[in-house]
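Have a look below at one chain only, the form predicted alone, in structure tokens format.
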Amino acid sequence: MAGTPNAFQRANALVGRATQRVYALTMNAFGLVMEPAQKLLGVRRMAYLFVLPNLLVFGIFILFPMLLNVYFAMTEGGNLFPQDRPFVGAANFERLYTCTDYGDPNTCLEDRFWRAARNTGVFVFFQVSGMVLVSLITSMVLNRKIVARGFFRSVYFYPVLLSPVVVALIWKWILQRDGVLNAILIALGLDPINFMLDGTWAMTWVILVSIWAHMGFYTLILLAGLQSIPNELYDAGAIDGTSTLQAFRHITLPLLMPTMMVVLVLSLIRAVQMFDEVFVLTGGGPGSATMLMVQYIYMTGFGTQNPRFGMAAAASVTLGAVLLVATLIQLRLGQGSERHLA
């Protein structure tokens, strides 16, 4: 009959009433807790109560492990529990930094640490530079009115959704001696190349693969920054006869600089912490040609039969300090560039 509610309408009404009831009970319970707390703490101090859960999570899972790592860096031995580890002070750092010639890792007591540090420096410089450049160019292209723009935006972001291990395995299948790339070279009448057995080739492909895998994320950030720039500025520049290069230099770059700094800092942190893709793709080889700092820390602490947790912790403290200083320098330079461009 017309006007008689069917089963779906009755179920929908029942769910709506149940939802309202649960909401009312939740608000009452919340009020029973918050009202006494507000009377006890006052309105201004209530903010500390709201951030307390996040502070607890940060303290338990980030701050406490950091402090424990610093303590481990000043102990030695293979025992895992802190009470079973003898305290040695700065001995691990002293051994880590002892070199006759810092430019030659062979003269250092921990030569693998300095090889990893040099490899990390090379990797970070070229990977971050290439990442920012490629992401900027890609975002500017995708910001234009091109055919199938939505499709290309999704395609460039797709590698970010893949697991780093999957990315490394795919490229390892492509680059190995009997892989796809060498098959193409042989089909063209060229000699195959041992990409994974040559240090220069291995480092080059590690950088290119990491850029390919992560550029979609930074492209998305820069694309959002480009879309926030008002089109009226470009229209006004076009009326004044501004060329494309001048518009990029005087309009796009200054307004995009805060977003560029975010991309630069995030890509730097990611590059310094790179481990999974390189470990699966090359294993740090050939030899130690692509061994980065995080892999050195892992191999020192967990990759041998005689783990040296103290030395691994000392190396991670060093890496964290360098990363903190580099980030602060980047932020300071970014602030200076913004004031100069303004």
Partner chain sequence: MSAVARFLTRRQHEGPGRGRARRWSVADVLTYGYLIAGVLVMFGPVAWLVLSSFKTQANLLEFPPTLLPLAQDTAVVDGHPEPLPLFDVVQDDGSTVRLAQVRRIGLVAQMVDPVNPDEVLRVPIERRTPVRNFRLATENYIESFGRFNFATYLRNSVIVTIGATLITLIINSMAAFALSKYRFRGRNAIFLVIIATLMIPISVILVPVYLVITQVGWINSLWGVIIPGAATPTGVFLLRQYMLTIPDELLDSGRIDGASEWRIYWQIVLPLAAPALAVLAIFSVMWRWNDFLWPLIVLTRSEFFTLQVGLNAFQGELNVQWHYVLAMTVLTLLPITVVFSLLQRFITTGIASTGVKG
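Numbering follows the first chain given and starts at 1. So that the term is clear: the rigid core is the largest set of C-alpha atoms that superpose within 1.5 Å between two forms. Fair warning: this is a prediction, and the values are worked out from it, not measured in the lab.
There is also a form predicted together with the partner chain; it is not shown, and the following applies to it.
Remark: of stretches 232-240, 87-95, 250-258, 218-226, the one touching the partner chain in the predicted complex is 218-226 (heavy atom within 4.5 Å). In terms of contact with the partner chain in the predicted complex, the residue from Val122, Leu109, Leu197, Ile137 that brings a heavy atom within 4.5 Å is Ile137. Shown without its partner, this chain lists Ser129, Thr204, Gln246, Ser163 as candidates; in the predicted complex, only Ser163 has a non-hydrogen atom within 4.5 angstroms of the partner chain. For the chain shown alone, Trp114 is not a contact residue for the partner chain in the predicted complex, no non-hydrogen atom being within 4.5 angstroms. A residue is said to contact a partner when one of its heavy atoms sits within 4.5 Å of a partner heavy atom; Leu41 fails this definition for the partner chain in the predicted complex, lying far away. Taking the partner from the other structure, the partner chain in the predicted complex has no heavy atom within 4.5 Å of any heavy atom of Gly189. Taking the partner from elsewhere, Ala312 is found to have a heavy atom lying within 4.5 Å of the partner chain in the predicted complex. No residue of the trio Tyr102, Leu292 and Ile329 has any heavy atom within 4.5 Å of the partner chain in the predicted complex. Shown here without the partner chain, the chain has Phe279, Val280, Val294 in 279-294 lying with a heavy atom within 4.5 Å of that partner in the predicted complex. Once both forms are fitted on their core, a CA shift of 2 Å or more is seen for Gln38 between the shown form and the other one. Comparing the forms between the shown form and the other one on their rigid core, the Cα displacement of Gly59 reaches 2 Å or more.
Once the rigid core is overlaid between the shown form and the other one, Thr304 does not reach a Cα shift of 2 Å, moving by less than that.
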